[in-house]
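Here you get one chain, nothing else, as structure tokens; it is the form predicted alone.
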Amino acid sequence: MNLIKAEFLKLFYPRRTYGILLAAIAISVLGAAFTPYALSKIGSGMAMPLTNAAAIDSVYSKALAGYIFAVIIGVLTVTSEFNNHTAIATYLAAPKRWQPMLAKIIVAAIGGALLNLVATLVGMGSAAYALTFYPEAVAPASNVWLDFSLVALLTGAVLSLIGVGIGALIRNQNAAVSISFVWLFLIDRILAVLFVDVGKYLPTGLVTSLMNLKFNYTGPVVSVNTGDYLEPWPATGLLVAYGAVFVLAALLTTNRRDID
């Protein structure tokens, strides 16, 4: 319990944590608030006008865009020890290495879940406000707030655990954060759109599956049909499996590698 308390202090005391939270909120708000405008301009070509309930749900889904910052929470939970040269002191105080790593895993999961939930709720609030400027917009699904909040908690926790694994494997903080951003913000999203058969099994595709959106767009460059994605429950199982693999990697790596 003392290790967990110490990890909570390490997470919530630095100002950078609140900077990450603000960044997550910003990207969620931007995505959710500007999507109604985009749909109103190209809705006819996408067969997704604001009079379509699925389109409104997709607007609210943009509020989950901040989940990529949950990974950064997980990465920093581990790499900060090596970046600040406190790792040796930490593991001397707790020689059983799995104990401080388990504390980091627990705190990272809670921190990632809370960060993603707050960003998502603020983002959905901005979506609701933005939609008031479009009288033709219909109401979202009655359970959209609850469902997306649960998805935010799950994805925030699991992706933060993935970040813990990345941080344990790549101890250089700058490298770990950069690789995480490039993968989730660029490569993963491109694969989810252009190569659905592969992308639907990756984190971005799984998050889309969890939201259970019914979205079909056929355009001159890309075509997206969320009907090709997994159902929510299989997607949940696969996402949790990703988290478990990275947690195991973090534990094994910490036990086997030298601490410096």
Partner chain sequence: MTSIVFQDLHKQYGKFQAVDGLSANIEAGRITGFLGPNGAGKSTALRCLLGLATPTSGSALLDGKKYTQLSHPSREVGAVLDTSGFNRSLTGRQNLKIMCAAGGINTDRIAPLLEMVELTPAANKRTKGYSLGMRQRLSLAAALLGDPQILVLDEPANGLDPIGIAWLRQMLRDLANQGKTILVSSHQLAEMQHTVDDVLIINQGKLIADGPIAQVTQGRSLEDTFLSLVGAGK
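Source: prediction; values computed, not measured. Numbering follows the first chain given and starts at 1.
Only in words, not in the display: the form predicted in complex with its partner chain, which the text now covers.
Novice: Within 4.5 Å, heavy atoms only: does Thr86 come near its partner chain in the model of the complex?
Specialist: Flag for Thr86 set to yes.
Novice: With the partner left out of view, is Pro14 within 4.5 angstroms of its partner chain in the model of the complex by any non-hydrogen atom?
Specialist: Pro14 belongs to the contact set for its partner chain.
Novice: Hey, in the model of the complex, is Ala139 touching its partner chain, heavy atoms inside 4.5 Å?
Specialist: Ala139: no contact with its partner chain in the model of the complex.
Novice: Test of understanding: in the model of the complex, would Leu9 fall inside 4.5 Å of its partner chain by heavy atoms?
Specialist: Taking the distances in the model of the complex, the answer for Leu9 is yes, it comes within 4.5 Å of its partner chain.
Novice: Which one of these stretches, 123-131, 180-188, 95-103, 149-157, sits within 4.5 Å of its partner chain in the model of the complex when only heavy atoms are counted?
Specialist: Looking at the other structure, the answer is 95-103.
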